[in-house]
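First comes one chain, alone, set out as structure tokens in the form predicted alone.
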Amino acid sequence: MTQPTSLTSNKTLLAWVDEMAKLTKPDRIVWCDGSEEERKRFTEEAVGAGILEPLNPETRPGCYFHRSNSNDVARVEHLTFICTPEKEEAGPTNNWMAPADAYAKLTPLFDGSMTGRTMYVVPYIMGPAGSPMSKVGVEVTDSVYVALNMRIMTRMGKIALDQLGDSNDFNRGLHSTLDCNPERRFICHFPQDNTIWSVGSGYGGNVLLGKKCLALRIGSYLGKKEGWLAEHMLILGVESPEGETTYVAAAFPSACGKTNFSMMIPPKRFKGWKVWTVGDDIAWMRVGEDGRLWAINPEAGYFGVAPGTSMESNANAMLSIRSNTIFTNVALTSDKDVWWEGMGTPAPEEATDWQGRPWKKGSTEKAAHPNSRFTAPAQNNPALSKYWDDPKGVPISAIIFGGRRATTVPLVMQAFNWVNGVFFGATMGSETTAAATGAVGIVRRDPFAMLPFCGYNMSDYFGHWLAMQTKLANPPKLFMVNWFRKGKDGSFLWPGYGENMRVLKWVIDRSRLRVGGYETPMGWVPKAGDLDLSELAISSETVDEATSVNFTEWKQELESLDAFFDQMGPRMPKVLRLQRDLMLARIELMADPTVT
């Protein structure tokens, strides 16, 4: 084994890397410094090994294509484990394995797994350098693809080692692609050890250990332990023509337009208004000295889903991936550009599909994998907030919870109070489609959009959110939105995309106590005239339908929560059940004022 030139004198870190090297037995060890020279060298190595393919330097300067193993194209929730001493600590929504059993199962898989390979030691910071809200991690991996992606997604290299210094407070991440055999694929999190072991996968969501693994699963555990929140939320700032900026965090399950919302371009009606992206996926939030909730984006890049991303749906994302981007499992055109379904440009006559097979226009097979990705630096985003890398973070005035619901949930609703808002977050979800499950209209609950990412018992997570109220002298206002409500003819009532700015402005005005609302048994909704509908080609009647509250539908919605609450187990906070009961009682009173 070639001995490395270390970039640190941290004895704890050096001993841990040595221990991992003795286990995995690499031929050589490379400590990543994060330099441009290193990036070029790694890229050349990856191209030479056929791991990356250069794209057209005129249309995609500095961009590369990667094709993963066809059995390794997404997160593997059934092989993702929370490893705590007691099963109840992981809770009913997580796969659990005892730490000793997990280490015993994975150690033989890692034994010699890097023989003939290079071990890359990837030090990184989640969050702005120098921020007290940030965390340092170190991932050792045998994948140059991982090293290059981590350079985009995190503050990677010497900057992280400098922040760590001699401390032993760092996340320990071990990764080996092994042979990408699904039978030997595990992603294990050890919250008490601040450790992640990932084996048998090369897909980003399973192997870029700073992202979902540290930033959410381990992060949420650390947040509860240390009194802060690690959330699957975008962060954006809305600047008025007068220069006033309001910051909003928002949680959306998959396929609900989260990245689009974070990079939204206001419609022409909102001349002078600007939306600035702080983060598109993850927010770490702490209580500031002023009693407000302050948030940072722990990431430094975007790991976005390509299909459906277009100039119409998300122009800023399309502009962000013009250069220095790694594309994974998209289609390749004959002129070495990329293409995917929903890109907004005509399909090429011929291309190479995501599996490397010839593809022709009109084929029934997808050219790009539905979960194909792009990894782009945040600095590429034309709408990047000037405070995106501020160590202090940004103050959050509103938090939004969203889902995909054809009925029941109105376009926008404000919670009466913190507990009411936590109820919104805890019970949020989306309706299934035939393509997803074979059944239509079944609500899949995804609390806080964190169901696959909460690193401990989700009922305790609800309790942590409820307890945060006691620390917040100036809490943000909490809202629920639904862009996907449909009319009787099955068409969407709201146009979405940039027009969501109209809803966002009401959220901001409510947060700043500038506009009224109409009280329903569940929360506040806009009164007629509250939403700015000027230059919008839909009728006020349609908007009324989109914002309406149907008591019969809500009664069914609330009664259906029994099974969900039971699934959460005995630790489910009673106050959330009481919120449900209170809403039902209000509905009954509205339906029959004589009810007592």
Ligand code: SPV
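None of these values were measured; they are calculated from a predicted model. All residue numbers refer to positions in the sequence shown, first residue = 1.
As for the form predicted in complex with the named molecule, it is not shown, yet the points below apply to it.
Residues of just one listed stretch (361-369, 346-354, 203-211, 176-184) have heavy atoms within 4.5 Å of the named molecule in the model of the complex: 203-211. Contact annotation for residue 75: at least one heavy atom lies within 4.5 Å of the named molecule in the model of the complex. Looking at residue 373, you'd find a heavy atom of it within 4.5 angstroms of the named molecule in the model of the complex.
Heavy atoms of residue 254 reach within 4.5 Å of the named molecule in the model of the complex, making it an interface residue.
The shortest heavy atom separation between residue 445 and the named molecule in the model of the complex exceeds 4.5 Å. Distance criterion of 4.5 Å from any heavy atom to the named molecule in the model of the complex singles out 453 from the list 170, 228, 453, 456. For the residues 247, 303, 270, 524, the 4.5 Å heavy atom test against the named molecule in the model of the complex is passed only by 303.
Heavy atoms closer than or equal to 4.5 Å to the named molecule in the model of the complex belong, across 275-296, to one residue only: 281.
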